[in-house]
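Heads up, the chain below is alone and in the form predicted alone; it's given as structure tokens.
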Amino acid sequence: MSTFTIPVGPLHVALEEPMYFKVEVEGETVVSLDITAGHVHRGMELLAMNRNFYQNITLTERLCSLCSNSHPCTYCMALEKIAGIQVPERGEYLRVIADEIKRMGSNLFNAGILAHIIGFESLFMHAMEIREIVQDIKETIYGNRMNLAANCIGGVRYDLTTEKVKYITKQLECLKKSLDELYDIYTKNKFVRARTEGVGVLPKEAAIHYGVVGPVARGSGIDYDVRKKSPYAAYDRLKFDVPVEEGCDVRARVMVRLREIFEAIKIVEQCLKDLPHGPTCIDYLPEIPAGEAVAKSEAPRGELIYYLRTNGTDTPERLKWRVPTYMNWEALHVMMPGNKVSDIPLIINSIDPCISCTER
């Protein structure tokens, strides 16, 4: 049978960000693909070197809406390493709470989009309805549903009163009940399983070869999570499990994300219970000396790395970051071949790509 090439994208390939694929098919079966990126380059690394350290907190937060806490948090950690700043213990716990609340929202969004792609609209709406609980927490605590503006150099800018602790605890209870039902559907529903099992397979050996990270790696049996391997903030004082699945397919990746939400709830509950007293951040404006540092965190999509070099002025000499999608999208060359054309959006969604983060 002869092959032919079809263009997919650059718009509306499972997400509202531009990504262009030239897919070679034989009948309805994908043979290979060519990925073309670079449609939304914004020059943000250069912008960062023309703004001072404080302005860059706002800039990095706007890299992406779903990872909008991971970027400024990791950037601040790099600055704190260079300046030798010790974040107050309460600030470290509050950073974890902000991180995990964003993780819940991001993972629920991806699971909901999966349901939308396979045409299970009622499940999509159910997932997004549950996500509203998380969005309400964000809006109540931070005053914003996407950009939390939680981080600052040396800690966080927000604090939790007794009333807000009670509010989050109550909302998490609501979330747990709804999440149990959602997880049950994704686990048992025949329609969901038929569309996701054995689709977009990424064997463990290939996952290691491509260096994939986050739920994509953990869905291929790789037990790697920055929060465990290189703990930051208060993660070394918290008990939680790292969900790992062996299926290596679309289903394995979504199950990892759903299980991570349960773990995130456990983490936030521990933080609320053990929240130390004291300041949430340092009480002075630090001077940043010349130096360089690397900081990394576990963003909702996986390992996020920031490299920062300073020269004693109030602007970075070099700021560079590596996002999870950059490591994950090359693995599509393994996931795609052998699958049907109709599975292309499903497989792309399963790596939860963030074009905004990657092309900055």
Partner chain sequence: MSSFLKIALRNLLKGPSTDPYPFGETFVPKGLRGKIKYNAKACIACGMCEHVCAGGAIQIKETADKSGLEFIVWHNTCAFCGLCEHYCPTKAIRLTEDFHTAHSQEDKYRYVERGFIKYVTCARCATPMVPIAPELMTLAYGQVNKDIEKLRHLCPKCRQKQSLR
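Here the structure is a predicted model, which is why all the values come from computation and not from measurement. Residue numbers count along the first chain shown, from 1.
Although it is not shown, the form predicted in complex with its partner chain is what the next lines describe.
Among heavy atoms of Leu272, none comes within 4.5 Å of its partner chain in the predicted complex. Interface membership of Gln86, defined by any non-hydrogen atom within 4.5 Å of its partner chain in the predicted complex, is ruled out. Taking the partner from the other structure, its partner chain in the predicted complex has no heavy atom within 4.5 Å of any heavy atom of Val96. Looking at Leu285, you'd find a heavy atom of it within 4.5 angstroms of its partner chain in the predicted complex. None of Arg193, His126, Lys266, Lys204 but one reaches within 4.5 angstroms of its partner chain in the predicted complex through a heavy atom, and that residue is His126. Checked against its partner chain in the predicted complex, the residues Glu246, Asp223, Asp236, Glu181 give one hit for a heavy atom within 4.5 Å, which is Glu181.
Site residues Gln55, Asp136 and Thr140 are all in contact with its partner chain in the predicted complex, judged by any heavy atom within 4.5 Å. Screening 323 to 331, 296 to 304, 45 to 53, 64 to 72 for residues having heavy atoms within 4.5 Å of its partner chain in the predicted complex returns a single hit, 45 to 53. Residues are counted as partner-facing when one of their heavy atoms sits within 4.5 Å of its partner chain in the predicted complex; in 345 to 360 not one qualifies.
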